[in-house]
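In structure tokens, the next block holds one chain alone, the form predicted alone.
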């Protein structure tokens, strides 16, 4: 079975944040959520202040993953069936280039300095490092079976890769492009989330209905039960709560990071997958594959405040909310 062509609401997990996005500006500046719609080959652009779709961008075949850069004013979109990465100009909301990768790109992440784009090739078990200035692949790393979620440490030094079929996270030193260690986690890790201080990583263990919460320095792990078939996660700005999408019970689990337990379950749309947080507006955006929409959650009250219609089979795997730097003009 092709894991990216689904014909029922049930998800095949033979398959793709830094889902948490760091934003600092206030209401005077727009921020945008880039939602990949795998079923109709589009990206919906949502103004997160007004919770409205402002643009629908026709892309390559089957868009999946998202990474964004305020510095470059770009959104990068993976196409698992199209074997490449679309580049969107975030000022004009138009595609300006396409990077061929000759593989099956799913997970995607940018270094904090926006110089290197990392892309996970699901079927060939490798990570590609792409220079954002030239769009050339500068390095390839064989990692493990079925690499999916990617996150990068705030200091720009380490890349973490969820190897789904190996039940592990590979830690890669970016300077040398070498694997430094492998961290065993729960069964079938898929989405990853990294805390803003860079000390905690959450592995979403799809086939175990749990997350592994890992201290990066000590490697101490806590296993926390979530909902049915969790998929992606995002830390709130204070790193005290973690939001986890549960694809098969149409919900989001709110995890108290200190207490290491679920403190609330929020009902959202059908088959929620990607999640990112607009911290400036206290809003978590959840892409719902099964209902073709996005649920918006207030991260303080844990209530769904609105639902936004998007495209067919909304996915948004990765860091998909872009907010301009605080010193940018409105």
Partner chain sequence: MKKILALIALSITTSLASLNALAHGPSPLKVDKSITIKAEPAKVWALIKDFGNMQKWHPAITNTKLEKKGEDTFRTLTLKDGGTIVEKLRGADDNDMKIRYEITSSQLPLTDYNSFMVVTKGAKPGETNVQWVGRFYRLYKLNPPIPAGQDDETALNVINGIFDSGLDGLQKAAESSK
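Positions refer to the first chain, counted from 1. Keep in mind that what you see is a predicted model, and the values were worked out from it rather than measured.
One more form of this protein, predicted together with the partner chain, exists but is not displayed; see below.
K.L.:
Out of 168, 208, 250, 171, which one falls within 4.5 Å of the partner chain in the predicted bound form, going by heavy atoms?
P.N.:
When the partner chain is considered in the predicted bound form, the option within 4.5 Å is 250.
K.L.:
If you check in the predicted bound form, do 83, 164 and 271 all have a non-hydrogen atom within 4.5 Å of the partner chain?
P.N.:
Yes: each residue has a heavy atom within 4.5 Å of the partner.
K.L.:
Report whether the minimum heavy atom distance between residue 228 and the partner chain in the predicted bound form is within 4.5 Å.
P.N.:
Looking in the predicted bound form, residue contacts with the partner chain include residue 228, since a heavy atom lies within 4.5 Å.
K.L.:
Check residue 103 for me: does it contact the partner chain in the predicted bound form (non-hydrogen atoms, 4.5 angstroms)?
P.N.:
The answer is yes: residue 103 has a heavy atom within 4.5 Å of the partner chain.
K.L.:
May I ask you to state whether residue 37 is within 4.5 Å of the partner chain in the predicted bound form, using heavy atom distances?
P.N.:
No - in the predicted bound form, heavy atoms of residue 37 and the partner chain never come within 4.5 Å of each other.
K.L.:
Does any heavy atom of residue 188 come within 4.5 Å of a heavy atom of the partner chain in the predicted bound form?
P.N.:
Residue-level check for residue 188: yes, a contact with the partner chain.
K.L.:
Residues in which of 287-295, 45-53, 257-265, 274-282 have heavy atoms within 4.5 Å of the partner chain in the predicted bound form?
P.N.:
Going through the listed ranges, the match is 287-295.
K.L.:
Using the arrangement in the predicted bound form, list in sequence order the residues of 99-136 with any heavy atom within 4.5 angstroms of the partner chain.
P.N.:
If the 4.5 Å heavy-atom criterion is applied to the partner chain in the predicted bound form, 99-136 yields 103, 104, 106, 121, 122, 123, 124.
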